[in-house]
Ligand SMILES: NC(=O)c1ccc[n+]([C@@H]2O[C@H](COP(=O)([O-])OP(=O)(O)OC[C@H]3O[C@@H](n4cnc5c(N)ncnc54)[C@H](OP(=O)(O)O)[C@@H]3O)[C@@H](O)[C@H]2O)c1
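Below sits a lone chain in structure tokens, taken as the form predicted on its own.
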Amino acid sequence: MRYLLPQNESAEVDLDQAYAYPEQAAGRSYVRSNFVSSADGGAEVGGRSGPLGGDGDRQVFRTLRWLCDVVLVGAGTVRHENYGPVIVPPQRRELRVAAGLAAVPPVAVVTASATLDPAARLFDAEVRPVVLTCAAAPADRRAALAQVAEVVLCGDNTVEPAAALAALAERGLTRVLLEGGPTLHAQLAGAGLLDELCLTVAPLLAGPDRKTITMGDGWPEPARLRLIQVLTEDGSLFLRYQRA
């Protein structure tokens, strides 16, 4: 992997340095999303993002997880991708603890309906996941999930994005890595709550009628970004944008 931007960087890429979080005000959330897309904008092939990513994308994916406080994801993505807990090898755990982070980041799931299987592999975790739901979710589902996760109400009839981030921040989870899905991504970005987008552009055309990295209701105006970094390996581009 090598730098294309900034051009004055050395040829050797240290991914920890390349994706280091900026300095944050105490208690303030910094939300970074990570997606992979084809050259024609498709975010999936056969309904999954995995076929779009190569070795470089997997390296970036792992690094971003190892640098964050919490992985944030929507319930649909958890079910469709059969999400499991974050895996952090022993050496990385030591580095995280030395940096003042928990040894392993939890996964936080957004679900307005609390429709998650308590027996899913996500909940067989060293660190209990956080379920961000709302008061309208059936009480029996919330009670079942409370046996395997921390359940937090973040709204009355829907999960309010700002309330969800505030709930995570109250728990010291301010370095937020959003991994999907496209609808949750659009909700956070449209509300002005997305600070950074890390986007892998794969060297292929996925074809028509694919999902994109944002889906759902339209926005009044685009969310503007500025490009701060470009890496490349094996024809893939690894773009890092910050909110303009």
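Note that residue numbering follows the sequence shown and begins at 1. The structure displayed is predicted, hence computed values, not measured ones.
Keep in mind that the form predicted in complex with this ligand is not shown, yet the notes after this line are about it.
**Q** Looking at Ala202, Cys68, Leu184, Leu197, which has any heavy atom no more than 4.5 Å from this ligand in the model of the complex?
**A** Among Ala202, Cys68, Leu184, Leu197, a heavy atom within 4.5 Å of this ligand in the model of the complex occurs only for Leu184.
**Q** Quick one: of Ala43, Val60, Ala189, Val176, which gets a non-hydrogen atom within 4.5 angstroms of this ligand in the model of the complex?
**A** Comparing distances to this ligand in the model of the complex, the residue within 4.5 Å is Ala43.
**Q** Since only the chain is shown here, I'm wondering whether Pro129 would be in contact with this ligand in the model of the complex (any heavy atom pair within 4.5 Å).
**A** No.
**Q** Would Val148 show up as a contact with this ligand in the model of the complex if we use heavy atoms at 4.5 Å?
**A** Val148 lies outside the contact set for this ligand.
**Q** Quick check on Arg28: any heavy atom within 4.5 Å of this ligand in the model of the complex?
**A** Judged by the heavy-atom cut-off of 4.5 Å, Arg28 is well away from this ligand in the model of the complex.
**Q** Even though the partner isn't displayed, in the model of the complex is Ala169 close enough to this ligand, meaning a heavy atom within 4.5 Å?
**A** Although this ligand is absent here, Ala169 would stay clear of it in the model of the complex, with no heavy atoms inside 4.5 Å.
**Q** When you measure heavy atoms, are Arg2, Leu64 and Arg240 every one within 4.5 angstroms of this ligand in the model of the complex?
**A** Spot residues vs this ligand: no contact at all.
**Q** Could you pull out the residues of 74-91 that have any heavy atom within 4.5 Å of this ligand in the model of the complex?
**A** Contacts from 74-91: Gly74, Ala75, Gly76, Thr77, Arg79, His80, Glu81.
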